[in-house]
Structures are given as C-alpha cells and as structure tokens.
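Before any questions on binding or motion, here is one chain by itself as structure tokens, the form predicted on its own.
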Amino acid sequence: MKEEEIKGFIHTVTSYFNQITEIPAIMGLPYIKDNKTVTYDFTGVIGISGNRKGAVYFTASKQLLLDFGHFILGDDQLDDDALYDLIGEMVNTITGNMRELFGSTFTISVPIIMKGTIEDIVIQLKPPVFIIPIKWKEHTCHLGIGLE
C-alpha cells in the first residue's frame, strides 16, 4: 500500500467518527500486523475485489459500540444483534467511502461479522497487513487493511 492510501483510510475514519459523534477519533501510528495484534469483542470484515483485492476489517469493544450506537440510534441498551448490525455498518461505510480514492472498480462485499476475540480464527489477508490504531473517547479499536 502507498502512503497516500493509508492517509486516505485515516482521513475516512476520522471524518466518519467526527460526522457521527462530533468527538474526534485519534489515530495512532500505523504498523504492520504481527502475532501480537489483538481483536476486540466485535469484528467486521469486508472483502475487496476489482482493481484491488484483499480485505479490510474493523474491530472494536462492545463498550465502544454501545457508546457509538448511542449517537446513531439514541439508545444505550443495544443487544448483540444491534451491535452486529452497527459494526457491519461502520466497516461498510468506512470501506465504501474509500471508493473516492480507489475508483469505481473498488468493489466491496457484504460484511462478515464475528463476535469475540478471534485468536482462533485467522483473518487471511495478503501481507503486509497495515493496522491503524484508533482511540475514540476512552476506547481503543483498529482498522486492518490488507490490499494487493
């Protein structure tokens, strides 16, 4: 991946959090995924085809999703089904907005949603997979990007 592509993802994520919540998300320094990279309570994965191939995933804690969901739905009591939908919508929106950078042949799949830390499930992305750490309010999450 090129530096401007990573910057494009960072801009998309910061804009998304700002537009929805008016609370800025702070991006950490991107790094290459290793075996110490964790997943959180919920993970949404989007497959990419077209001019680029690979996948993008977003992983977040249940509490982050509950707090973020309050801004979208105005509800503090979201069940797991609502959180599945929410993380799917988040990864779908972030990845879909990247079409501006990658063009109309940047085709995204329907999100696959997983609950729980997924050390036993390997997200197979062509290396290197770039991780963009995100801090929003007191929560941490990250976006993983593996594109050819």
Partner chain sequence: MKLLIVDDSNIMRRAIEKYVKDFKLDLIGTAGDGEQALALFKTHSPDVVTLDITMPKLDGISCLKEMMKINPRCRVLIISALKDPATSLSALKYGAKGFLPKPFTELQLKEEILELLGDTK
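Numbering follows the first chain given and starts at 1. Computed from a predicted structure; not experimentally measured.
In what follows, reference is made to the form predicted together with the partner chain, a form of this protein that is not presented.
> How about Leu66 - does it come within 4.5 Å of the partner chain in the model of the complex, if we only consider non-hydrogen atoms?
So Leu66 does not count as contacting the partner chain.
> Any of the heavy atoms of Pro30 lying within 4.5 Å of the partner chain in the model of the complex?
Heavy-atom contact with the partner chain at 4.5 Å: absent for Pro30.
> Whether Ile112 contacts the partner chain in the model of the complex should be assessed with a 4.5 Å heavy atom distance threshold; does it?
Judged by the heavy-atom cut-off of 4.5 Å, Ile112 is well away from the partner chain in the model of the complex.
> Does the partner chain come within 4.5 Å of any heavy atom of Ile20 in the model of the complex?
Close contact exists here: in the model of the complex, Ile20 approaches the partner chain to within 4.5 Å, heavy atoms only.
> Are all three residues Asn51, Glu138 and Glu148 in contact with the partner chain in the model of the complex, where contact means a non-hydrogen atom within 4.5 Å?
The answer is no; none of Asn51, Glu138 and Glu148 reaches the partner chain.
> Scan Thr37, Ser61, Thr93, Thr117 and let me know which has any heavy atom within 4.5 Å of the partner chain in the model of the complex.
So the residue touching the partner chain in the model of the complex, by this definition, is Thr93.
> Let me know which residues along 78-99 have a heavy atom within 4.5 Å of the partner chain in the model of the complex, or say none if there are none.
Result: Leu78, Ala82, Asp85, Leu86, Glu89, Asn92, Thr93, Gly96, Asn97, Arg99.
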